[in-house]
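This document contains two forms of one protein chain, each encoded as structure tokens and listed individually as structure 1 and structure 2.
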Structure 1
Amino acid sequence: MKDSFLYPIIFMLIMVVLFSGILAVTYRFSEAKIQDYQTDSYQKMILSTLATKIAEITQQNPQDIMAAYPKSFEQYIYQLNPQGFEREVYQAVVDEEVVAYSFEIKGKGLWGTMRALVSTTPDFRTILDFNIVSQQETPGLGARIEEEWFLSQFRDRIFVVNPESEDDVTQSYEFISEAQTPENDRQLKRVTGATITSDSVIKMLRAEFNYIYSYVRSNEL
């Protein structure tokens, strides 16, 4: 019977339906949990990029603000929907005053799209915090851009030096090896073995700051 023409087709069809069904049921039962976790972790990341600034103004500890999630998120963070602005943007408001912005930015990495959150001062010139939301870089090499030492290089960095320029508003940077110590504020340490990914992070930041400036020059967020 196994050698007949129809048996392999019917057998394979049954198996495909069976395993697809198992996968569909497994996913259906886990879907809500996965989405809840993704929403929570994304909102926590937004809050974390803005927590230091909020803490500075409200004279609290950033850890206390993070511990008070989701209440603190609802209290301080507002999502904006500016017309024609193709990025997600959030603002931190304390006592009815905007103290910082957080943008979701995107760029090409070595293997795929990188998504990151970058928070800025209200004049959009200084990076307050920077964090990677998702990336598809090589594990152990490019994926190390998520490590604290790499991300912290961007904190409190004046990134926009030519706000009036229509070509490029950003500072140019030079990469040095991971083992070296930067000699000036234009040097950044790259991830060893991940030159393209390290370059991609800078390219993404520069392109996105130019995009933000091209928008805010003629519009309000």
Structure 2
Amino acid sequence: MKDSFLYPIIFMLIMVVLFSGILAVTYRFSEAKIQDYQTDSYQKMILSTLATKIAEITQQNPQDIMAAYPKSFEQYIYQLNPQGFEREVYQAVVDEEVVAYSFEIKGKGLWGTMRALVSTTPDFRTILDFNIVSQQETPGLGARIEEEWFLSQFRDRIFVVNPESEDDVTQSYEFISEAQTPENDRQLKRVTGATITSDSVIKMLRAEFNYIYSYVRSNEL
């Protein structure tokens, strides 16, 4: 009886060790490819936030710039490492002139951390493009902040309206129903059923623009 009881347990342990080893080896061989894929995806997102501005200056189509990745990224995009600046920051350069910046920003959503990329004009006052890198919001509700209609509300929007302020340089906004039509530039449509997540996006943008603007007042990027 003892032998018959032990054999299945020993067999299962051997199988667990064997398959764990196979998974570990498979991951080790795939690790470089996974890292390359993640790097490519992130760089493409950075490029996408800057492509429209680059296209405007170079008289190209944004789609052509994206299609030319990675050559276009290497040609136009430069990562900066300013001392004391605790954000990832990239600049788009055309003919040795900085035409835009792209910042990785972070904020707190309803269920966890949100990461986004926001590109700005060289004076850091106007949002050129805005994309969500990652979020942990509820699928079908808060996760809809990644949808084009929501993100497009922030593009080409002057966000810094009080550049001399020491407290808050940003514009305040009012959220209206997704079904409504904004009556003025200070109204934005929130995601239906995700008021907290929608508010969190604005809070993230305002906090990060205040941080960025506070830094560039006395430092160069």
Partner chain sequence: MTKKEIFFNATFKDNSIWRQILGICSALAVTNLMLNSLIMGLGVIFTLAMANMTISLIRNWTPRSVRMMLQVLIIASYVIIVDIFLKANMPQISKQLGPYVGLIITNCILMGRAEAFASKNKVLDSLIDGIGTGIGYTLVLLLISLVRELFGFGSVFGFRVFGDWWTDWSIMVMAPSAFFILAMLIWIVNTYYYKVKA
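Here, residue number means position along structure 1's sequence, counting from 1. Bear in mind the structure is a predicted one, so any value in this text is a computation, not a measurement. Heads up, when I say rigid core I mean the largest set of C-alphas that superpose within 1.5 Å between the two forms.
Asker: Two copies of the same chain, shown separately. Which of them is the form predicted alone?
Answerer: Pick structure 2; the other is not the form predicted alone.
Asker: So, with the core fitted, how far does residue 12 move at its Cα between structures 1 and 2, in angstrom?
Answerer: Its alpha carbon moves by 8.1 Å.
Asker: Can you give the CA shift of residue 21 between structures 1 and 2, in Å, with the two forms fit on their core?
Answerer: C-alpha shift for residue 21: 3.2 Å.
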